[in-house]
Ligand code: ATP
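Let's start with one chain on its own, the form predicted on its own, as structure tokens.
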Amino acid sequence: MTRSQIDIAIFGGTFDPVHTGHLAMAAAVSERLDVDICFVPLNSAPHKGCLGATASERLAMLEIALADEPRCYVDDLEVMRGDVSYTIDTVTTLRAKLGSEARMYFVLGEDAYSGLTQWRLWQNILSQVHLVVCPRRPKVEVPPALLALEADFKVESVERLKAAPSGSIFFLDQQQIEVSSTEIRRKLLDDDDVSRLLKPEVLAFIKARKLYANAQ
């Protein structure tokens, strides 16, 4: 594969823990855009408090969850870098690695997208990647700065999206994702059933490590 042929979607997050909603979102993006999905777990997130699992545990859960997902893989660049993870640093690093002609897509849910203007150097992100926004429930209000961004950069078709290596915003048409890691941690704390929300192997890892026993 030459660099000009590279098509890759980057899925960043804490994945604390990785759940079926994450996997469904990745599958929808992979199928719609015909791309591989690169999961990049954050070492620590600037807009979140203390995480329930360590970086190495979250990385291990991702590797377990993706073991039978041929179009998905994990990149540990943020975990290995250490310190706080910023999206602009991640996509800039991957852009330098993959080259200027690679088509790169950054996957995020509507809830995360609505807070984009609070991200570090958010105005520069589209210079490195396309944004692929997945619907979430409940719906959230989009600030005026993002509406202005959409007016200039939103595209309606995959063909338009793939016409350039970066610079567009595309909203994925898929079933809304209703599960969250926060909900799962709360259920685990209360000893509620989470078997439909996690892969069995991931749940077994959590139980073996006694993770989230003191979750908030």
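If you're wondering where the values come from, they're calculated on a predicted model, not measured in any experiment. The first residue of the sequence shown is number 1, and the count goes up from there.
This protein has a second form, the form predicted in complex with the ligand, left out of what is shown; the following refers to that one.
For the candidate set V194, A9, I206, M25, a heavy atom within 4.5 Å of the ligand in the predicted bound form is found for exactly one residue, namely M25. Of the candidate stretches 165-173, 64-72, 180-188, 145-153, only 180-188 has residues with heavy atoms within 4.5 Å of the ligand in the predicted bound form. The shortest heavy atom separation between D76 and the ligand in the predicted bound form exceeds 4.5 Å. The ligand is not shown here, and in the predicted bound form it never comes within 4.5 Å of any heavy atom of R103. The ligand in the predicted bound form is not approached by D89, whose heavy atoms all lie more than 4.5 angstroms from it. Contact annotation for A112: at least one heavy atom lies within 4.5 Å of the ligand in the predicted bound form.
Contact residues in stretch 10-35 (any heavy atom within 4.5 Å of the ligand, taken in the predicted bound form) are F11, G12, G13, T14, F15, H19, G21, H22, M25.
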